[in-house]
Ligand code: M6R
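In structure tokens, the next block holds one chain alone, the form predicted on its own.
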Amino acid sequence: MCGIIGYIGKKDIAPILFQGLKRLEYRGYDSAGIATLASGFHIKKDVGKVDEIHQRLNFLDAPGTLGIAHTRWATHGGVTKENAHPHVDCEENIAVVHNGIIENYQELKRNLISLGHKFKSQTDTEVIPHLIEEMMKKGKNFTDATASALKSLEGSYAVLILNKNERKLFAARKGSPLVLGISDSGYFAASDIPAFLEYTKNVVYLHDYDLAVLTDNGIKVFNLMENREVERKVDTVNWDIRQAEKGEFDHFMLKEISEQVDTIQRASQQNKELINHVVEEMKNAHGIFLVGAGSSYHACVAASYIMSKVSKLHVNVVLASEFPYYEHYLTDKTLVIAVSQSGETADVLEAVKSAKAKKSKVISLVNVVGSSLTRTSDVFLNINAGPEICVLSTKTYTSQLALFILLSYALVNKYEEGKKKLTRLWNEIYHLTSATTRTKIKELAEKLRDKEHIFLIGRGLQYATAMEAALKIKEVSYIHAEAFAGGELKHGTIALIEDGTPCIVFVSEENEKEILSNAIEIKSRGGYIIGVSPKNNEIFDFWIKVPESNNENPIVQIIPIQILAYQLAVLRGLDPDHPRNLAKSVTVK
């Protein structure tokens, strides 16, 4: 949530900040702004999309080779120009952009006002430049004043800070993502790598309480807790800038759905020794918890069925936000498997914190190497999906499923069999993401575009798929979609069925008789039945053919509904890449 980018170096700042903001749009925002330094600050900010603000203010004429920029997601204070970042102090010597929440800002603000400071916004962020200003009034230099100000903040932050009298860029983090980029032409700081990926693949992941000072001559990192300079290694990412661009596709969502032909294969290309190590940890654990949020939670639900069937292993599945309430069960023999695309999801990190407090072991499945989750886990597995720009999870969800399937087979010494099963999905996924399939599903989207409610049912693995499918539809089309286990219909839900109510039914050979019986109950009450099934049935009003793939059904059956969700959004005139009120990485609790 929110995005920040900063640069210091030899290149003109304006196009770097403008393109950086564009590449951070997927994080969700309602306003944006930049501040560049060239004989004083040049600040442009307003409410709206980056392109809309650019049309009004022209970001590209901002001068200089040093600056910061921000996309804001409103938390404290409404969506107004005054609340948009950057924020400055009274004398307009300090400029700040900030991602996170300052929990003690009201107390800090009252104290600063009593000292004569004047505030222009209702944000929590604005206390930061005023705090630095106050510290400098007391005789501290810019660096020491910034460190003191940051130490007084409670909550989470990723901040970039400029002083108009010094050619330095300060970058600091606590609980919110921030990564540095190193190139021959300068240094970058951003919420996420795609913001500067076209310039460099060399990155430095900051740790909590790190304060980095970026100058034309290099980077120095100080840790505020350790009160000393620290070394942070330089990593090289294997992402390609083309992965972070739409190319021939109209939207990132459709591009990333199509990429699943490759990402499933990449997810299955794991280090066998590392997989075996994780398997041994799972076998030796006294109690295993799978923890995730949103789509990652649904991947955990599917994994619990697969592991029960393939591995004969019991695992507990808990929403990340609810996991701290289970801490009484945790011991030093408990294993927690945390699942996250970004590795920065606040609820997941809080769950891991609870586990660590009980000395439980933590293994993570994550898409961003160097993220907070990878650093706090004892072991992590990379799902290898590459950058996912669309707010909705598509390719990362199925990559998580692929990795769970691989682990399930490895648990019973069938690693190669599991890998072969995933490899064989290539052809099925190719057809499911083809233009022919997209055209057929568009026919269904035309029928559903004006519906207010869509219900989805499944049993076993298909119930987990129904949950994820419902999330995809409501996230991007804003149609109310709700998933149920087929057997629960008669326990109240069937009262919601009216003439023409759409219901998507997920069918496998394993549960065909039972789930079709549930579908007949709905159809007899006027429901419109959409079958996702390997074979047609007379009760289907619309049939989406998906090949029977047994334990891999959760991967192949979700893909047509990802496409349906996309088509519904487009037909309803919505932006599938940036759904309202949603952000890619939920970094606040």
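Quick note: we count residues from 1 along the sequence shown, nothing fancier. Note that the coordinates shown come from a computational prediction; the quantities given were computed from them, not determined experimentally.
This next part talks about the form predicted in complex with the named molecule, which is not shown.
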(message) So, residue 173 and the named molecule: in the predicted bound form, are they within 4.5 Å at any heavy atom pair?
(response) no
(request) Determine whether any heavy atom of residue 364 comes within 4.5 Å of a heavy atom of the named molecule in the predicted bound form, and answer yes or no. (result) no
(request) Although the named molecule is absent from this view, report whether residue 393 comes within 4.5 Å of it in the predicted bound form, heavy atoms only. (result) yes
(request) Verify the contact flag for residue 382: yes if a non-hydrogen atom of it lies within 4.5 Å of a non-hydrogen atom of the named molecule in the predicted bound form, no if not. (result) no
(request) Within 4.5 Å of the named molecule in the predicted bound form, counting heavy atoms only, one of 132 to 140, 384 to 392, 146 to 154, 438 to 446 shows up; tell me which. (result) 384 to 392
(request) Could you work out which of 465, 191, 398, 345 is the residue within 4.5 angstroms of the named molecule in the predicted bound form, going by heavy atoms? (result) 345
(request) Answer with one of 477, 341, 99, 71: the residue that has a non-hydrogen atom within 4.5 Å of the named molecule in the predicted bound form. (result) 341
(message) At 4.5 Å, heavy atom to heavy atom, what parts of 460 to 478 sit next to the named molecule in the predicted bound form? List them in sequence order, or say none.
(response) 471, 472, 475
